[in-house]
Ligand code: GCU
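Only one chain comes next, encoded as C-alpha cells, the form predicted alone.
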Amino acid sequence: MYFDIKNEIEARKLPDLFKFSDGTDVNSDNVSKRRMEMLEILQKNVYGYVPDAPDKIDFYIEKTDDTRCCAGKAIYKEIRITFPINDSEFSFPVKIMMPKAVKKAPFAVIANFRGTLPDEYIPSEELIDRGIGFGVFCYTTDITSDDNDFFSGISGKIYKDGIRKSGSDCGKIAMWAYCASRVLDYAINCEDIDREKTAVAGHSRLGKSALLASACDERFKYVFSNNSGCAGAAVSRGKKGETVKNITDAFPYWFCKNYVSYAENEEKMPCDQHFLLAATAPRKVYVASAAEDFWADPLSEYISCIEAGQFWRLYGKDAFPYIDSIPKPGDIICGSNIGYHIRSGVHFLSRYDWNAFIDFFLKK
C-alpha cells in the first residue's frame, strides 16, 4: 500500500540540518562547522560531553592464541588498555580476533553485552571468514555499571565523588562511546589493520553508543547501529513506542540531566536524532531495524536515515536513496554512504543483521 513518506516527514517538523542555530544557511564551505555545531548540541542536550582523549595510553598483551580460534583461521589476543583520567588511571580488557588470511584487515570495535568469545551477538567465524578483525569489550563489567551508580568503573574516575553536578555532565552512553574510541587507539597502531576500514558497532543501547562514538571520533570510517531506537537512530518527534519520557524515566543515567527536560516536550529540543546520523558525514553509517521491534519504531529509524542522508550532498556525496513508502521485512536500501535494512522478527542482533552490515562494510 502506498504511503506518503514525504508528508509524514513534514508532519514531524524536524529541526533543519541546513540551518545554523543563528539561522545562517549551511553550504559546502561551512558544512564541517555545522557538523561540529550539531555534535555540540547533541552533547549539551542529550548525552553530555564526552571526555577528551587521553594524552597517553598504554596497551598490554596478556594472552595470545594462534591455533584454536575459528578452526585455526584467527589470531586471538587479550589486551588491557590503560590510560590516565582526572589524576587517576583507568584500565579495561579487550578481546581481539584477527584473520590470518588478510595482511591488512578491516576492523570493527564491538561494544557488547558480554566480554566473552564466542558470543551469541557476534558471529566470530563469519567475520573472520570475510576477512574482518574485531575487538570486543563488555559495556558493564569492563567499563561501568548500567545503573545510577557513578562510582563504578570509569564513572568513578570521571566523577570522583560519584555525583554529576552539571546538566551537561556525561551519562553512561557517552562513557561506553568513549571507551570504544580507546579500543580504536589500539587498532590504528597495528600494522595488520586497515585504517580506512574501521568501524564501531553495537545493538540497542550500545547501538546508541556506537552512533555517538562515530560522531565524536572521525577515525571511525563506518558505524553499524542495530535496533538503537529512541535516543539512537530513531527521530523522537512523532515517534511511536519508546519516548523521551519513557527512556529518561527508566534510564536517566544513560544521558545528561538536560535531556529530562524534553520528556513530553520533544518539539522543544534544538536537535533530533537525524543530527546524530548526519554528524557521521562524510563517513558511512548503517542502520538496522526489526519489523516487530515496535518499541524502537522502525519507521522513525528509517525517517532519520532519509533526513540525515541529505546532509552528505554538502560533501559532494550521494544522499540516501530512499523509497517513498514504508520498507517491508527483507528490504535492504543501500547507498554509497548510508545503508538501511529491516528484517522480520524482534529486538535482537542476528546474523542477518551482521551479514548485511558486512556486505556494506566490504563494498568497494
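No experiment lies behind these values; they were computed from the predicted model shown. Position 1 is the first residue in the sequence shown; the rest follow in order.
We do not show the form predicted in complex with the ligand, though everything after this point is about it.
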(request) Report the residue, out of Tyr178, Phe220, Phe113, Phe150, that has at least one non-hydrogen atom within 4.5 angstroms of the ligand in the predicted bound form. (result) Phe113
(request) May I ask you to choose, among Phe251, Tyr159, Tyr76, Phe294, the residue with a heavy atom within 4.5 Å of the ligand in the predicted bound form? (result) Phe251
(request) Please name which of the stretches 130-138, 189-197, 202-210, 78-86 has residues with heavy atoms lying within 4.5 Å of the ligand in the predicted bound form. (result) 202-210
(message) Contact check in the predicted bound form: Glu242, Ile247 and His347 versus the ligand, with a cutoff of 4.5 Å between any heavy atoms. Do all three pass?
(response) yes
